[in-house]
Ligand code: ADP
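Taking the form predicted on its own, here's one chain by itself in structure tokens.
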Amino acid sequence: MEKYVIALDQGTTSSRAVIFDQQARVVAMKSFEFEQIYPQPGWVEHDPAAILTSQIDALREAVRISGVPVEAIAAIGITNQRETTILWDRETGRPVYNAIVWQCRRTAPIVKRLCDEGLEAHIRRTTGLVPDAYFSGTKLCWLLDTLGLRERAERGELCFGTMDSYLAWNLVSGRPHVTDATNASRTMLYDIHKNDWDETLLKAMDIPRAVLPKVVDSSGVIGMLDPEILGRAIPVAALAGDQHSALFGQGCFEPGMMKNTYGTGCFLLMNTGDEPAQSQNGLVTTIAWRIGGKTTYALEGSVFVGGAAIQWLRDEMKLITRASETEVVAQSLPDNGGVYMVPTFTGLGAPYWDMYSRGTIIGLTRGTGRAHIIRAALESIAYQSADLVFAMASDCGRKPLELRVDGGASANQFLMQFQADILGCKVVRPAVIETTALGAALMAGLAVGVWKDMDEIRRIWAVDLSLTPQMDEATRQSVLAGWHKAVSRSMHWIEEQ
């Protein structure tokens, strides 16, 4: 009988279920959106019950529309929006508060306190992260403080978890309280070198160990799906944060291999092997995955405004009606005409880290037209991604040889060719661009023997598009110099607060 694997892809705005066959092809997919809750400016929450319902509904509906017999489903993997934090009652399973979403900024004062107490260097060295309200630890600290729940937490009456933990608790028989190493590495509480919760940070935030989940491998059976959900107990055999899962789904198994996801922003991860690389360029060090007790590490960098620049052209500037128009418009010009757009609507991230930068369009002449602005916006996505690739190459001492790409904007062939040109390396788009879901499915299938090893996974990973650089070196250096000059003009635009 043909075997199938299901990925539960629990994201920030929707919950999806994707069914893959043994050739890693998508058989069926279903998603349901859920409400975003904004109690006050800068605060973002989710209703955990709505997420759980949407995820179960997506799972059941995907199985129904696929026609796949439940008996043929070999395993289920879970991948999730990272850092979003839930605290629930161990006895009843009921959350004590809404989930605090990764985007929420309410815990910035706690981060400032930790830095004022001299813990910034410890956080960077131990967790690999930059101190920020983005991560889960300060969210948990806020919940315990605000709701007065420390004594209950110390008595072991409460469970903390990110979305993977919450789904595992609710979907798996026996209610395991677990998370995997990738999600643990995004809490700002986890020592990625020792693979254990860090006592110094737990003490600084007054977080008892009794509230924390057990940290397990990313690929491995954690238990069986509650048979009431699909009518059969099925191994739940993978947990991984979304970007880590995408790195695995892209087959980036060797040190130096990297992937970039082109969405509203862009997420670039590079496999650095069994040793964590300390960045000198403001990148984040993280766990890529842990399989068979062996930890693989990665460097991560983010572009704040990727596809969001194209949305801005469409929604605010009214220069286009559909994002897909940009490819034809950009190709109508021989070059950018000296026009550069630096879309720093919310400041510059790595490797510049200037929160006082603001968006810039520069190099305008009387001959500049709509097409130049559109092309400059597209090119800005590639330039920002290239800055991260070059930063990673500098940190690791490795010249980039290939960039694997996914996400919505990877469908834009002009953008992908331009990315190859300015990087001076091959850009490869896989046949399956649902790489986040695919990674979770592959990890789950690996755990139960659907695929016997990573060599077999390498063989089934298929290429849809492979682009090699077409730009000569002199032009490449010239346009990169123009970009960096434009970035310098955008920096420190507003006065420091």
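Heads up: residue numbers just count along the shown sequence, starting at 1. All of these numbers come straight from a predicted model, not from anything done at the bench.
Same protein, other form: the form predicted in complex with the named molecule, not shown, and the subject of what follows.
Note on the partner interface in the predicted complex: the residue among 307, 349, 220, 235 having a heavy atom within 4.5 angstroms of the named molecule is 307. None of 408, 359, 282, 424 but one reaches within 4.5 angstroms of the named molecule in the predicted complex through a heavy atom, and that residue is 408. The named molecule is not drawn, but in the predicted complex it has no heavy atom within 4.5 Å of residue 340. Within 4.5 Å of some heavy atom of the named molecule in the predicted complex lies at least one heavy atom of residue 412. Of the heavy atoms in residue 332, none are within 4.5 Å of the named molecule in the predicted complex. Interface membership of residue 263, defined by any non-hydrogen atom within 4.5 Å of the named molecule in the predicted complex, is confirmed. The stretch among 174 to 182, 222 to 230, 309 to 317, 131 to 139 whose residues place heavy atoms within 4.5 Å of the named molecule in the predicted complex is 309 to 317.
Contact annotation for 318 to 343: residues with any non-hydrogen atom within 4.5 angstroms of the named molecule in the predicted complex are 323, 324, 326, listed in sequence order.
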